[in-house]
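The chain below stands alone and is given in structure tokens; this is the form predicted on its own.
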Amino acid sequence: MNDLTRRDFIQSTAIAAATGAIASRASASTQAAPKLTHPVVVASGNGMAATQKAADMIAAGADTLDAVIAGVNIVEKDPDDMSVGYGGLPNEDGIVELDSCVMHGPTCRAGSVAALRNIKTPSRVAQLVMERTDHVMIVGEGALRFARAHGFEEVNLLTDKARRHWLKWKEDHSKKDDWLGAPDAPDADNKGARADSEPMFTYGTINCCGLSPTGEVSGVTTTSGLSYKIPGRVGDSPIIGAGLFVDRTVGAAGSTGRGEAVIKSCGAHTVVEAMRHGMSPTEACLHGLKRIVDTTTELRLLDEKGRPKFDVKFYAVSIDGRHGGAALWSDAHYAVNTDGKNRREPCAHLFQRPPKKG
């Protein structure tokens, strides 16, 4: 056996051994799982109503995708959740733009919309993209025209509450423009803006993934995106493999938080692939977060200890019914409905959040 052949043989043997170990670990974890008697539905922390709705529908025999979409519709229509759908915080021009994607595990199909205006439930439009077109993603004006064609009602998504938040941001985020804040504000300087003001952006989304007792799994992610974003900005929420990924043989995962970081790491896909290779849902979520830490190199995004200043959370359910969630920073929770009970559970985390000053 010459050197090249020997090297190839040793390398292929090592790869085969590693692959066998991974497969063995995955098989063992799956075989140890009890048979499901109830649906398992996971969602971001703002998804308690969604997990209950989806679990009830799946238990009654509904398709898993129909169920999780019906769950997030509750939040999309809620004007008090300013990170999703109607009432979401707008872009820098004061216009609400929504993003969503869906994946149907049983048929391996997906649909997505991005920068969609005037429609309260982008998740339903994303489902129609999946079901009624040969495309996966439609964006902007094209997505709105598609929604119109299917009879969706157009509404002004900017509620008065969201408008006031946007207007305050316009007035306060810079002292070098012609926008003036309220002159009677207790912390205003002589321009009418807070003396210590700096732009405050919020990330918010809802992800929901559901598993039936028969092993069918689907997921949805929907958001109004980064507040006061540049018009047309698209985060991870409508991107298959970033804000959501479903594999009918493995499970599903989704994300909330800084979309740019999730896109760069193919976040949800990374989590599902980690589960494929034997990690538990929580371990897989932490693995995805570590990938984000490794790929965040811009100094402006790092604190004095080199940790991301932003947060990202992953949520996952495996095909055997296990579930988990993890966040970059502590004190996060996720919603879960399992064994017929709806509750919040703490997310695992990589970093301990520092105590608030004062």
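Note that residue numbering begins at 1 and tracks the sequence as displayed. Note that the structure is a prediction, hence the values are computed from the model and not measured.
What comes next is about the form predicted together with ligand ASP, which is not displayed.
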Fill in the blank from the handout: Only one of 105-113, 271-279, 204-212, 69-77 sits within 4.5 Å of ligand ASP in the model of the complex by heavy atom distance, namely 204-212
Handout entry: Position in contact with ligand ASP when the complex is considered in the model of the complex, options V125, L226, V250, L157, heavy atoms within 4.5 Å
Key = L226
Exercise for the section: Counting non-hydrogen atoms within 4.5 angstroms of ligand ASP in the model of the complex, say which of H165, H287, R233, R117 makes the cut. Expected result: R233
Problem - Partner contact for G85 in the model of the complex: ligand ASP, 4.5 angstroms, heavy atom - result: no
Exercise for the section: Would you check, heavy atoms only and a 4.5 Å threshold, whether G257 touches ligand ASP in the model of the complex? Expected result: yes
Handout entry: Proximity of S218 to ligand ASP in the model of the complex, heavy atoms at 4.5 Å
Key = no
